[in-house]
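Single chain ahead, by itself, as structure tokens, in the form predicted on its own.
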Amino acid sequence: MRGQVVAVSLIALALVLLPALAPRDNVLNWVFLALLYGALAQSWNLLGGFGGQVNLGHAAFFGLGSLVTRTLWLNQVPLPLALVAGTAAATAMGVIIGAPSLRLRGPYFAIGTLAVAEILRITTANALPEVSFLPTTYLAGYRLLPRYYLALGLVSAVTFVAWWLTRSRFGYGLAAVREDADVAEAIGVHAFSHKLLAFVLSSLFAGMAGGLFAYYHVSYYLQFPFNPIWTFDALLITFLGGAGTVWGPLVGAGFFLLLRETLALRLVELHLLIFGIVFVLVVLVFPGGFVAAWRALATRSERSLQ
């Protein structure tokens, strides 16, 4: 346990000092993207990994946070207020969507959330078809550094919540609901309230990640953050690293970006197919993701030394 704390502390310190240690923007930009994807995957993990509820409409909350933040920020609202508004909008949507949809089980819940995200994507594409550009005054003051530290703060916050779920009474109740909702109800755990709170927390952090996306990009179509790719990337990263673990989404995000960039550069036409095959192989060989594989190897090493 002490070794894990020391390792995490050293990594956190390295990330804080990274802009000074590696001032090149391409390095900082890559790490920023890893943090953004890690935060988004971790937000999906709060519900999908710890709660066992497969949300295929996660992009709805990411997109809503992005849309509200971008719109307010470009209309002279201070960035902190715009980010808070985008997060609040995604959180409110989480309550509105979660309350009825979480009464559905299995594939019905997954399909219902996917339908909501697609409705928002199509509506945004029809209502706001133009590309959103940063004005020249914003471009003149564009700096990657504040965006990087904002991403670091976001991933730290959502990871802390994931850590809290592994040690809190609420987290134990959520794990019981994930394993068997009926048994959880029988022992006094209110399954619906646990799932709803996990859904709201997941939506909140997805909205924050969407707001960060809006603050980072110079130009993009406003419907793009509603694209299902953001849901499936978050799901993929979570399962690669280890669903229901604290560090899995962060490990998965780093691996995902490294592999994606390598394949996209060398095998432009086939990289998506190869990535899908790699994902299937990883899930088959390591069902618990990289974190579970590492724990198994560490346990085996300890036994061999005894």
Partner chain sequence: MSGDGPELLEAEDLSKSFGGLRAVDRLSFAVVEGEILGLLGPNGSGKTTVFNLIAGALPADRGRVRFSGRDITREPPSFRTRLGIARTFQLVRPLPNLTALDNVLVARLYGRGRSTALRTARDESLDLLSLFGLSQKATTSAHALTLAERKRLEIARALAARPQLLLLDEPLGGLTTTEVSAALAQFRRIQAEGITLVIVEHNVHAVRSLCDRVIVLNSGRLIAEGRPAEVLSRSEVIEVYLGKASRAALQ
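Numbering follows the first chain given and starts at 1. Take the two forms, find the largest set of C-alpha atoms that superpose within 1.5 Å, and that set is the rigid core. Since the model is a prediction, treat every value here as computed from it, not as a measurement.
As for the form predicted in complex with its partner chain, it is not shown, yet the points below apply to it.
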Answer among 172-180, 80-88, 153-161, 214-222 for heavy atoms within 4.5 Å of its partner chain in the predicted bound form: the stretch 172-180
Q) Might residue 188 be said to contact its partner chain in the predicted bound form, defining contact as any heavy atom within 4.5 Å? A) yes
- prompt: Within a 4.5 Å heavy atom cut-off, is residue 143 in contact with its partner chain in the predicted bound form?
  reply: no
- Item | C-alpha of residue 167 off by 2 Å or more between the shown form and the other one on rigid core | no
Does residue 143 shift between the shown form and the other one by 2 angstroms or more at the C-alpha, the core having been superposed? no
